[in-house]
Each structure stands twice: as structure tokens, then as C-alpha cells.
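For reference, the chain that follows is the form predicted alone, supplied as C-alpha cells.
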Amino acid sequence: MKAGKLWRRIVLAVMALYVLVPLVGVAEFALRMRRGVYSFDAFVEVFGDDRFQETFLYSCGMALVTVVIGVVLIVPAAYAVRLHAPRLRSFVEFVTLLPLVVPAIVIVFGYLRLYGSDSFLPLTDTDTGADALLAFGYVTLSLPYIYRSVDAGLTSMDVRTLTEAAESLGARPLTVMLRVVLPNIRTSVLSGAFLTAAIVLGEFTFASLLDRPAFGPYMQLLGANRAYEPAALSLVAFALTWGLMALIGAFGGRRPGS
């Protein structure tokens, strides 16, 4: 066996152990809720908890809303920048990366000052307003991921040529967007959507400070008050995250129209 191949296998083995050993330890602990035997009691407790179902469904709904808003805002903006204002691309990239630089707690405190009870638009006074504020907060957090995914998809296609060809055939701007641009960047949009969903399902700061019944605060509360159930829940969250990553890989490997 060549030294290069042996070295790569050693590195992969070390990485696998680094990830799997803690995971096996958590799984072994979660299965020991019943003294002296292995059981799925902790998982049964988690899935049977009304709070789990409520918070998980709430966060899934928020993830869907966040993805829809993000795609509706980002895809036309990225397309317009690339087609009509390419000199602004660097500035737009900088703006969309700000959520990675500015801590989430700073952003949410800014929202509370702008849209709190004493503001001109007190969104936090009602559940609907707080939900809307949380959704837009999640859109802000997901900007780096959606924009980068969409921009990478637009880079892989000749935007100007396809747009001019469609317009020469009489297509309107909305038709160009829906029937030309989106099909060509479908996998990029889906990748950004799945990453956004993973972020929303595990987000804690926004949901906690806005006092919304989301999955992230539920996981933190369960971890502070239980022993075996948090281990089971962490495995569930791990499976959800890797499931979303698998979907990214599955859709990302397909060509448009396949």
C-alpha cells in the first residue's frame, strides 16, 4: 500500500473516531434509562412529550416560512445584482455576511429596541407580531447561507445570455425568473433552504429572547432538568441535521431537469 493512501486512511479513521466515539457514548447513555438493561424509554419519553411535538412543529413551520421569505428576497436580488449591477456584488456579499460577524444576541436586542412595546411598531405585544419578528430574524441569520448558495448557482450559468435569449422570445421578467433562472439554480436554492432549516431547528437566542415556543429553547430546558432524555434528544437532533445534509447531497448531485 502506498504511503499516501495509508496516510489518508489514517486521517479518515481518526476523524471518524473523533465524531463517532462521543456519539456512541451519548447513545449508550440514552439507552440506560431503565436500570440494568438497554431500552428506548428515553426516546419514548421524548417523542411522547407534548412540548416536543409542539416546539418541533412550530420550528418546522418557522423553517418553512423562513425559507420562503429568504428565497423570495434573495433570488431576485442576487439575479439583479449579477445582471444589472455587477460592481455592487462585493458590497452585497459583505452585507449578507454581517450576520456571521454580528452576534445573534446583538441583533435580537436591536429588534427588541426597534419593535418592543414602547416602539412605533410594537410587534412583540402580540403572538403574531412576535412570530413575524422571529421569522425575519431567522431570515437575517440565514442570509449568508442562502445568498452564497444562490450566488454560486448563478455563477455556474450564463445569466445574461439566457436572459437575453428568453426576452428575445417575448418572455416577461417574471417568466424569465420562474422558467429560466430558478430551474438552473434549483439545487443551489435547495441547498440554501436545507441549511436554513437546520439553522432554524437548532436556533436558541432569537427564540428564547422573543419568548417563542421553538425547538431550540425546548432542548435547552430539557437539558437543564433531565438526564437521559437530553441525550436521546441530542441524537434526534443529530439525525435531523445529518438527514438535511443528506438531502443537500442528494439534490446537489442532480442536474436541472433530471
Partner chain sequence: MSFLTLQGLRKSFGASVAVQDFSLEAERGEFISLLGPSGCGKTTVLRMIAGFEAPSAGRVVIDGEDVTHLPSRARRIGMVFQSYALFPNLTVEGNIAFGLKVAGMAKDAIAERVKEMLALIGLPQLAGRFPSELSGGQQQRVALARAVAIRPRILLLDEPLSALDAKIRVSLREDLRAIQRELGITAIFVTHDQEEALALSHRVVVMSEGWVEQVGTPAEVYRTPRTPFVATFVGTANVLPCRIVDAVSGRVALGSVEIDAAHALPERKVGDTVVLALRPEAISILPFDGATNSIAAVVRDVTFLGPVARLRLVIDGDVAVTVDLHGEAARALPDAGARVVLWFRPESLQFLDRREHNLEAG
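Small disclaimer: the values here were computed from a predicted structure and weren't measured. Numbering follows the first chain given and starts at 1.
In what follows, reference is made to the form predicted in complex with the partner chain, a form of this protein that is not presented.
Q: Closest heavy atom of Arg160 to the partner chain in the predicted bound form, within 4.5 Å or not?
A: Answer yes; at least one heavy atom of Arg160 falls within 4.5 Å of the partner chain in the predicted bound form.
Q: Is Pro103 a contact residue for the partner chain in the predicted bound form, using a 4.5 Å heavy atom cut-off?
A: So Pro103 does not count as contacting the partner chain.
Q: Using 4.5 Å between non-hydrogen atoms, is Thr175 touching the partner chain in the predicted bound form?
A: Residue-level check for Thr175: yes, a contact with the partner chain.
Q: Determine whether any heavy atom of Glu164 comes within 4.5 Å of a heavy atom of the partner chain in the predicted bound form, and answer yes or no.
A: Yes.
Q: If contact means a heavy atom within 4.5 Å, which one of 92-100, 178-186, 69-77, 137-145 is the stretch that engages the partner chain in the predicted bound form?
A: In short, 178-186.
Q: Since exactly one of Ala171, Ala152, Leu88, Leu114 fits, which has a heavy atom within 4.5 Å of the partner chain in the predicted bound form?
A: Residue within 4.5 Å of the partner: Ala171.
Q: Could you list which residues of 87-103 come within 4.5 Å of the partner chain in the predicted bound form, counting heavy atoms only?
A: Contacts from 87-103: none.
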